[in-house]
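A lone chain, given as structure tokens: the form predicted on its own.
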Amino acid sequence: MLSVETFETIEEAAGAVGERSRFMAGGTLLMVAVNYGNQGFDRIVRTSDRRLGEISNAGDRVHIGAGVTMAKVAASRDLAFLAPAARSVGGPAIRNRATVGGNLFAPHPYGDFATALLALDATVHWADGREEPIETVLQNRGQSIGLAAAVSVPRPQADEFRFLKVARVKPKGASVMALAAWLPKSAGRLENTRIAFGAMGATAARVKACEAALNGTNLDERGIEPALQAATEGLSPQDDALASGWYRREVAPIHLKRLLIPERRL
């Protein structure tokens, strides 16, 4: 018998989550497991804590509750730079339910929004007060214990942040790959670049060789060429129903170039 328990605060819910239970945020993936009779859990934990749905400014960063939906991100003026990533998640019905926190733990080939957060060097705030870089959270996702209460992201300058999703079924298909880039500049040249790929492994991942190749260069065809050659270094793309790992590796430099130097449409 499956039971559902609702707690007033995220802290209480975190204390109630155990081995045979699952936390319910938007439910877009959890309810699939329920409908298909997943026997790995018999208890659903949820919370009515309003803090999870809040977006607020904190200095030069934006604080996003883990329960904020993709639809709310897309509609927020403070998060306009993340709107393309939010709109890439499913169709309207999914975006009205899918949450920022849930996207952190979405399995391959999902988790497009987490790819954007990784490129932005987001911080994950846990219900017990801990804070961790999103890169650490994604790397240790299978061993993570606790509930994510929020994420915080820096606010990039205009045109510093870019996102691209590649899908066979448009506009709401699952990803062949997702790409995100944070491209700060100093004296006209790229500096502290962050490049992240989604659906190119078990979780979203940075390509640090590609970042290193971009730093100190101009954002033009000549400047990005070494980065394109290193586009998949360290990545382990998987075979699935959408694409083979070989195909993903072959087309990644093409889509990275489109992200870095968008084609002009006449």
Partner chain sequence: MEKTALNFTLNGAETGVFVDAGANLLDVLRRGVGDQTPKYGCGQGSCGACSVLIDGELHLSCLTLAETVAGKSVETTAGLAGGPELHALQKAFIDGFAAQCGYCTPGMLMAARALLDSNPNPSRDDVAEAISGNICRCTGYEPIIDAILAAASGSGRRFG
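All values reported here derive from a predicted model rather than from experimental measurement. Numbering follows the first chain given and starts at 1.
From this point on, the text means the form predicted together with the partner chain, which you will not see here.
The candidate spot formed by 4, 46 and 172 is fully in contact with the partner chain in the model of the complex: every one of the three has a heavy atom within 4.5 Å. Comparing 91-99, 192-200, 126-134, 160-168 against the partner chain in the model of the complex, the single stretch with non-hydrogen atoms within 4.5 angstroms of it is 91-99. Interface residue remark: residue 217 is not counted as part of the site for the partner chain in the model of the complex, having no heavy atom within 4.5 Å.
In the model of the complex, the partner chain lies within 4.5 Å of some heavy atom of residue 24. Mapping the unseen interface onto this chain, residue 31 counts among the residues with a heavy atom inside 4.5 Å of the partner chain in the model of the complex. In the model of the complex, the partner chain sits beyond 4.5 Å of every heavy atom of residue 57. Residues in 110-126 all lack a heavy atom within 4.5 Å of the partner chain in the model of the complex.
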